[in-house]
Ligand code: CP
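Quick heads-up: it's one chain on its own, the form predicted alone, in structure tokens.
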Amino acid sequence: MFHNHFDKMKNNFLITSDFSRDELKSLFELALQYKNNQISDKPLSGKSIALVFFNPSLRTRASMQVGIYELGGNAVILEPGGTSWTLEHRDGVVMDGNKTEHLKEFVQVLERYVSAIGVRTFAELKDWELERTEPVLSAFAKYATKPIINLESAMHHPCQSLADMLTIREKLGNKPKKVLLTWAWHPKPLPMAVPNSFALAAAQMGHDLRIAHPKGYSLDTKLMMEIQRQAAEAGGSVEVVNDVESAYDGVEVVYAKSWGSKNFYGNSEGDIEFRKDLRKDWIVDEAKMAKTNNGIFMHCLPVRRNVIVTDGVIDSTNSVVIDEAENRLHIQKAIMTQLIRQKS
């Protein structure tokens, strides 16, 4: 029988640090029960969940849509500016530009139809100080009375990071592991949501976390303070290194992800120029993986082969990227179940 540890669960699922380690572990338990076909009830029977996609998606869209169906519910998919009106999220603006509807009305109307709203909205990589405040996601949370689920925002991707933690648990057991989050070269700057959330969740789970990145690619300072705090509380550790070669020594998990430098927000050309000499060294290859303790390779996908990681690594038996992607389905079913139970 599943025991619900979510006595104080928040209304929304926006960031993993809103929840205790025990609450997150209870999600893993529930997700594994779903994965092992041990639960037959349909908590979303007769209910609909809206999925609002400002950006492209494969795993998030498919896993959420399938998950809602398997829980007995109905998915309502909306793409602002595509299958629904363009949206303005800022307060007090004169809407005489290219935005048709304000988020305030959008959310208030939508939640008359649905039981929860999932939102996917990427960072624009234009204004660091603005984007670190999660302007679009925060607007959804501000106007909604029904649960909001973060399906990747400017700064976080909590569904992905919990699928990552579940995968580590499945492959390597419950005890804390030596985990490497490594920056990788990419031809263009990418958002920080995935590395931010992976580092935060790894710290919450008590792993010994090593973050490797070139100088100039540090994560948000305030977030790093929270990661350090969570690691200390959970009995783990956090180490930041700039040497890509020694970073792999003895680790049990290698999580690769590229991200842009906050120093170049609004200046992608500058970032591309700054990183041009990093391509040769900052790729996950067989030689680096040989330095690990038989480490597993992880990536959130999509991944550029032979840019982020070599074919030899991603196609090896130590690569768990497909299992990791599958676990998105199971952990999101657990998240939706808990949110809906909480509101029932």
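So that there is no doubt, residue numbering starts at 1 and follows the sequence shown. This structure is a prediction, so every number in the text was calculated from the model and none was measured.
Note that the form predicted in complex with this ligand isn't included here; everything after this is about it.
- Only one of Ser319, Thr60, Thr292, Ser26 lies close to this ligand in the predicted complex, with a heavy atom inside 4.5 Å, and it is Thr60.
- Between the options Leu301, Leu278, Leu32, Val66, the residue in contact with this ligand in the predicted complex by a heavy atom within 4.5 angstroms is Leu301.
- Although the partner is absent here, Gln160 lies within 4.5 Å of this ligand in the predicted complex, judged by heavy atoms.
- Taking non-hydrogen atoms only, Arg120 approaches this ligand to within 4.5 angstroms in the predicted complex.
- This ligand in the predicted complex comes within 4.5 Å of a heavy atom belonging to Arg328.
- In the predicted complex, this ligand stays beyond 4.5 Å of every heavy atom belonging to Gly46.
- Residues placing heavy atoms within 4.5 Å of this ligand in the predicted complex fall in a single listed stretch, namely 49 to 57, out of 36 to 44, 280 to 288, 306 to 314, 49 to 57.
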